[in-house]
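Shown next as structure tokens: one chain only, the form predicted alone.
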């Protein structure tokens, strides 16, 4: 019987939330020596196993206990109840650069931070050049880290941690540190670790990244384990509940609005293939994005823009009518403009719709509603298991044979 790389049994962790602390001896005497607090259970009776060589993800809202559980696995925190066992050497990418001394040089901090992570001086001597090259800091390695930019600081911390050569790697919200080139190197290093059969545990709010790299996922909710299993299925359960809570609250914290108001956006809508307004569409189906407007007086040559953002705020696309060479001489009164997409290329996830109306030169904004309408994309008929943002709608050909043809 295979021993799991990580075994968590009925683990619970509590903290004290202080309402009033004793700031002086007088306050301590007046309160009988006791400060007022309440107990908060960050984790409650969590049990799970993570197979050796797998990539495992923790998902959940802020405060659900994901980072606390990771710190228990890293032995930074001790559980109040239950236990957690790990098999092999553990390296944690939790707070990058923790343990760096600002007055020491990058070189000295590599040895200091490496020793904290359990590496000997001989090991660090062998790996030093690789660590520095991975961070891209050859020119600055003998400069005190207090003079580093935040990006340089994080890159060096990440490089030290990821070169410890662990059996188990714990990663907390650091999947996208540094610039694009450094992120590429990080992705390649993660791929190498997976290919070598290392166990990787990831905490991230980027569900696309979690689904792309993880074999299994655990969903934590207010310290309680709600579900475990294949990444796609658990993420779908989680998104369904988030969707229900969002619909019930009808709040949208990221929405904002600006503009001079000569013409205004009354509403942004998403219409399914039946022409009805909806908040849930499917990859590959016909979808219409609609912008309702009102102009109190004629507005010449307005340009309409509709943009789609990820939950993290990245722009997926922002087409506008000027590029399509569809700019009316003027508009007045009320009406709507549609962007019709015959086959939606967006892959499953949650997205925000923005709208803007500007003058023809795009120098003056009449109205902009930023991330005003949230909608969900569910899997279509032919894209189960895909990850990312869009589908290429392509077909595979091997050796000149079209894979759509049936096998004989």
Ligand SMILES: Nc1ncnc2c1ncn2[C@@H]1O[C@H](COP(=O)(O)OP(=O)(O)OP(=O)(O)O)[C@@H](O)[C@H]1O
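Since the structure is predicted, the reported quantities are computational estimates derived from the model, not experimental observations. Numbering follows the first chain given and starts at 1.
A second form of this protein, the form predicted in complex with the ligand, is not displayed here; the remarks below concern that form.
Visitor: In the predicted complex, does residue 205 have a heavy atom within 4.5 Å of the ligand?
Guide: Residue 205 belongs to the contact set for the ligand.
Visitor: So in the predicted complex, does any heavy atom of residue 61 sit within 4.5 Å of the ligand?
Guide: Yes, residue 61 is a contact residue.
Visitor: Would residue 65 sit within 4.5 Å of the ligand in the predicted complex, counting heavy atoms only?
Guide: Residue 65 belongs to the contact set for the ligand.
Visitor: Although the ligand is absent from this view, report whether residue 16 comes within 4.5 Å of it in the predicted complex, heavy atoms only.
Guide: Residue 16 belongs to the contact set for the ligand.
Visitor: So which of 47-55, 66-74, 347-355, 365-373 is the stretch with heavy atoms within 4.5 Å of the ligand in the predicted complex?
Guide: Single hit among the candidates: 66-74.
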